[in-house]
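What follows is one chain in structure tokens, specifically the form predicted on its own.
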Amino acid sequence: MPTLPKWLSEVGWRTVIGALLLGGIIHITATLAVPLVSSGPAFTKLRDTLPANRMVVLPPLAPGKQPLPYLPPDALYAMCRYDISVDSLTVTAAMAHAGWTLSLHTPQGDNFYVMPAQESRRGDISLTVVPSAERLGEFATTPRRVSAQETLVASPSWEGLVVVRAPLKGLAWRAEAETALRRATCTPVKRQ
């Protein structure tokens, strides 16, 4: 049976447990600090490539040609980087088939609104992104319906991202999905 080195036998069990706890604390702290100190969050990369308040249909994803890492290649995307510091933003998009989604994200990546297409609710949808009530000094609002076709959504930040995701059912449906994505728009509108 091998013998332990002398210095290892002299280390007490409290020192070993303390070292393990310290290592765990350092690991958790480093993991939580990485997003805060990273040089290029996703929104910063998109800010350089996407124009403000205009929907852009992204080319089909291929290895090494993704605007963001980890986007699944089984879908097509349209994205709009919005800035509502001056005007609100009206977003229209076709929800052509079940599985399509329209989502709104903050610059930090928090998702604050999602509208999925469903069999019972297909067709064009419209929503208006407005600053949150706290930013305007009013009462807090949640997403609310203005009319049968339009919804008001309060954004927690002045900037953000609108993403329309169209899953591909197959190559034969690619042209149809691209056509529907090209109809998606982001249009600034004056606040009332």
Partner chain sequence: MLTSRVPAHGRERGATRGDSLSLITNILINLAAFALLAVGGGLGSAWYMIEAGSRLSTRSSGPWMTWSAAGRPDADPYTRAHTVRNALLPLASTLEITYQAKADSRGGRLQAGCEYAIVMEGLDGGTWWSLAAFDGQGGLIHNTAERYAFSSDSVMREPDGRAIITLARDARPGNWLPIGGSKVNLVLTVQDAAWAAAVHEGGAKALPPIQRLACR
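Because the structure is predicted, anything quoted here is derived from the model rather than measured. Positions refer to the first chain, counted from 1. For clarity, a rigid core is taken as the largest C-alpha set superposing within 1.5 Å between two forms.
Form predicted in complex with its partner chain: not shown, discussed below.
Check: Taking 4.5 angstroms as the cut-off for heavy atoms, does residue 49 touch its partner chain in the model of the complex?
Finding: The answer is no: residue 49 has no heavy atom within 4.5 Å of its partner chain.
Check: Wondering, does residue 169 line up within 4.5 Å of its partner chain in the model of the complex on heavy atoms?
Finding: Close contact exists here: in the model of the complex, residue 169 approaches its partner chain to within 4.5 Å, heavy atoms only.
Note to self: Under a 4.5 Å heavy atom criterion, is residue 123 part of the interface with its partner chain in the model of the complex?
What the structure shows: Output for residue 123 is no: heavy atoms all beyond 4.5 Å of its partner chain.
Margin query: Since only the chain is shown here, I'm wondering whether residue 41 would be in contact with its partner chain in the model of the complex (any heavy atom pair within 4.5 Å).
Written below: So residue 41 counts as contacting its partner chain.
Item checked: Rigid-core frame, C-alpha of residue 172, shift of 2 angstroms or more between this form and the one not shown -> For residue 172, whose C-alpha is compared between this form and the one not shown after core superposition, the shift is less than 2 Å.
Notebook entry, point to check: residue 27: CA shift of at least 2 Å between this form and the one not shown after core fit?
Noted result: The answer is yes; the displacement is at least 2 Å.
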